[in-house]
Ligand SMILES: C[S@@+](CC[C@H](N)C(=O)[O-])C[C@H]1O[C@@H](n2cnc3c(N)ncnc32)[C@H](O)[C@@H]1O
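Read the single chain below, which is given as structure tokens and is the form predicted on its own.
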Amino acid sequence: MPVQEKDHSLKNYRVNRSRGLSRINERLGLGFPIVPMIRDLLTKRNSLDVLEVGFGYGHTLLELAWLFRDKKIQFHGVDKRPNVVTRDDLRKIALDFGVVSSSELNALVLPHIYSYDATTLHFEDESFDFIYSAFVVRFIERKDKFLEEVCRVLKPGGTAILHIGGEGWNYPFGQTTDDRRLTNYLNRFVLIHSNELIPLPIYLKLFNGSSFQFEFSDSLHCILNVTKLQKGRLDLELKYNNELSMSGRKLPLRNRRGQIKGGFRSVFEISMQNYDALFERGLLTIDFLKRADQYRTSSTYGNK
């Protein structure tokens, strides 16, 4: 995307809220390029509604709005922080980041932006064709409610791409390491049953079916692809553990280099009924438990 009349006031913007389309694409990985995915949806329907959760200053939304200015697409953004307040703020940001030139500004259709906690999305059921979020979900405490809300507002045939956390997240099935850290893996969405760790990708397979399909990227990062197959709502049937859930720095969470990482480690307990269902459907087996000690001792993501 061409950069035009770039302003020198970018130093006034916080870097972690200024990410543009190229940075978002880099984080979501080669498997989920935003622009081709939107173009593919346009071949199947006449108009689209697109939502970014955690839009920061709206840099990416503005780039997309300009790129698809001749298409029937409405862009929306939700962010807990009121980084952008007025429509004039968005126009200034578009100029400062070189999304458009001053002569093109009137042709830019601005996205609709909202400031509130995304664990309750203020939209009707089946409102969006495409939802994406990068860098933000790791800070959400009730990740279960957020995922349920994303599934609720997706239209049938719609897709959501959600970056949940960084590398080293995918802990295996097995016993918890202790009563506080639970796992040496750098995971911010942890499921437990008694003193056993239940991998998130395996648990979500319980909910693959007539309404939803859940797949994780083969990227090092925790990136979830949600496809809504038909109308319906998701109920993950998880119990939030307030005592074990805490900020990454308080825990602390560490990466494989021993560095303390931020975000929020959300811990949920699964029911006995769903625990049994994992075995009944062959998603978990006793053989996994036999290999658990090997996984734990070979992990490089522990505290140092």
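It should be emphasised that the depicted structure is a prediction, and the values quoted were computed from it without experimental measurement. Numbering starts at 1 and follows the sequence shown.
Another form exists, predicted together with the ligand; not displayed. Remarks below refer to it.
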With a 4.5 Å heavy atom cut-off, would you call residue 25 a contact of the ligand in the predicted complex?
no
Using the partner position in the predicted complex, report whether residue 63 sits within 4.5 Å of the ligand, counting heavy atoms only.
no
Heavy atom to heavy atom, is residue 129 within 4.5 Å of the ligand in the predicted complex?
no
Hey, in the predicted complex, is residue 80 touching the ligand, heavy atoms inside 4.5 Å?
yes
Would you confirm whether the three residues 16, 52 and 136 all fall within 4.5 Å of the ligand in the predicted complex, going by non-hydrogen atoms?
yes
Of the listed stretches (149 to 157, 209 to 217, 111 to 119, 222 to 230), which one has a non-hydrogen atom within 4.5 Å of the ligand in the predicted complex?
111 to 119
Among 140, 95, 190, 73, which has any heavy atom within 4.5 Å of the ligand in the predicted complex?
140
